[in-house]
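In the block that follows, a single chain appears as structure tokens, in the form predicted alone.
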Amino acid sequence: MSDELPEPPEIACDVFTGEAWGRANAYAELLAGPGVVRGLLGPREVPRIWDRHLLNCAVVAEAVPPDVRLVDIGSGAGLPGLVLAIVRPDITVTLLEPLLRRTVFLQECVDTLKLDNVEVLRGRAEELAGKREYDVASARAVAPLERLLRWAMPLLCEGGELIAMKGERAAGELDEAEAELRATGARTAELVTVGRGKVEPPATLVRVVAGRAPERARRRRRR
């Protein structure tokens, strides 16, 4: 398999439209170049940047409501948060990432792509609880759902949504997180499929709607 960045597939033109097209191509180059050099993306992923990474993250936008404040937890190289900011200029995105070398890369991407709806924030989700509130939290390959709930739910307003990219493990992780869903006051939790006809296989998400956490859980967060 060649480690060169391939030409974007035809469907990418339908997913990334208008200004998003140029930004998506520029971001692909950043991932394949500085992203690989700095260890944010493995060289074997370069041939799959469009289908496995950019398109797979872009279709998550189907599940994101309009005009929301979104925090991307453990943003890494910007997947999915930076891609969502590219395809959805109506939303504001916080790329939350604890590692300095990653936040430096993310800020360079934001500056290069001239994205005015994105902020890069170095830190952990636990540190933001009680300080920031968002409508949506996104995450990809960050942690098992049970742990992700503990990080994300304190950042969401009541009625806010956690959107976790989980793929094949989605149903199993949802079952395993039953106790944590109750403990964090989740209102509903369900599997959502997005990207039909755009990515193969379609992307599977876990969507959790936040309610009010039980008092015991709220006291635990404040400690």
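Being a predicted model, the structure only gives us computed values, none of them experimental. Note that residue numbering begins at 1 and tracks the sequence as displayed.
Quick note: we don't show the form predicted in complex with a small molecule, though the next part is all about it.
Is the small molecule close enough to 97, 102 and 140 in the predicted bound form that each of the three has a heavy atom within 4.5 Å of it?
Yes, because 97, 102 and 140 each have a heavy atom that approaches the small molecule to within 4.5 Å in the predicted bound form.
If contact means a heavy atom within 4.5 Å, which one of 112-120, 129-137, 71-79, 84-92 is the stretch that engages the small molecule in the predicted bound form?
The contacting stretch is 71-79.
Since only the chain is shown here, I'm wondering whether residue 125 would be in contact with the small molecule in the predicted bound form (any heavy atom pair within 4.5 Å).
Residue 125: yes, in contact with the small molecule in the predicted bound form.
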